[in-house]
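Take a look at this single chain in structure tokens; it is the form predicted alone.
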């Protein structure tokens, strides 16, 4: 039996300062077994995972709170908000939470089956591999050869500034933890990232918090280019025929969405069961038909020369150092904002 979504809340609790984007209760409203999940994943995309869990856990309910990656960090680290499971696309922030003692260890058959690169210290567990994609409007590129690399895109934008001015989008790194993660990894891989950022800045790039908003803009024709958005979000849309999803052949950064159990959990055993369900669904050789988050076959081993998997571990903490982060954001602001 499938469980109905029974309540929706768009306002944060007055006792909490972190900002909630959406809040939904799945399962019976009067349940005495309520798992509290804080997540950066859009509710409609994660709902099948929750419904699959509830099918296996009669009488339980899941209180699902959707937030940005920065707000998730604030909720767990700064406010000690009471959640049983934390799910985020910002691998660096998840690693920092675990490294700083804000997560509890979990070990099970499901976690033991993970490869070393998909878990860290029995605290952080990966359940997707999602490439950072460039989404391109087919209408905006009409008559042009679709780019295959960042340098191709740079060349096209320089040659056709009137076509691309005010129509290029990327993350606001001051607001988006995922955007900051992608940017720092891109910069470590190639200097081309900075050249591209400067060109986008010269075209008055528009800055967003989230992949979904940028993809909306490309699908509607308002935007021509959305840089470093999640390919999983773009592929799942019913209007995907309006755009191309480019995995650049110079290099494609692959992010792993991860899950951990915060130390504020009221029921570590229940939380562990949910974590195991997420991992087993994602890593199954034959995932359920309605699974939206899986270890996709095309990047499972990340063997293609252009794929650059971000690895879980302390290396992710480098750009979270306060001094290094200030330096990076200043260089980024100089390139993307180009203030006189």
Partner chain sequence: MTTVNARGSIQRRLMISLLAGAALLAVALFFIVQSLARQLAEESQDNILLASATSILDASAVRQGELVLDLPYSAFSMLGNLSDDRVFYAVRFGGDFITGYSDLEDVPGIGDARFATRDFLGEPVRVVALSRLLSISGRPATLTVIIAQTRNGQRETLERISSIAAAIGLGFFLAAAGLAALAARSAIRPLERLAVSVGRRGPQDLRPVAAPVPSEMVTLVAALNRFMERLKVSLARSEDFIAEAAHRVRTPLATVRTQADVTLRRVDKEENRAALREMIRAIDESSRAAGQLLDHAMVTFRSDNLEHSALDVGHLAAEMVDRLQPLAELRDIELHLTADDGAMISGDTILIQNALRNLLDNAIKFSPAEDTVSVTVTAQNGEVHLTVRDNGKGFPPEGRDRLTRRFARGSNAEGIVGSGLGLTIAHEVALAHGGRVDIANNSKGPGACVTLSFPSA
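From a predicted model like this one, the values you see are computed outputs, not experimental measurements. Positions refer to the first chain, counted from 1.
Omitted from view is the form predicted together with the partner chain, to which the following refers.
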Just one of 188, 195, 206, 160 has a heavy atom within 4.5 angstroms of the partner chain in the predicted complex, so which one?
-> 188
Which of 264, 99, 111, 202 has a heavy atom within 4.5 Å of the partner chain in the predicted complex?
-> 99
Select, from the options 114 to 122, 132 to 140, 250 to 258, 227 to 235, the stretch whose residues sit within 4.5 angstroms of the partner chain in the predicted complex by heavy atom distance.
-> 114 to 122
Distance check, residue 25 to the partner chain in the predicted complex, heavy atom within 4.5 Å | no
Taking heavy atoms only, is residue 317 within 4.5 angstroms of the partner chain in the predicted complex?
-> yes
Indicate whether the partner chain has at least one heavy atom within 4.5 Å of a heavy atom of residue 311 in the predicted complex.
-> yes
Using a 4.5 Å heavy atom cut-off, state whether residue 19 contacts the partner chain in the predicted complex.
-> no
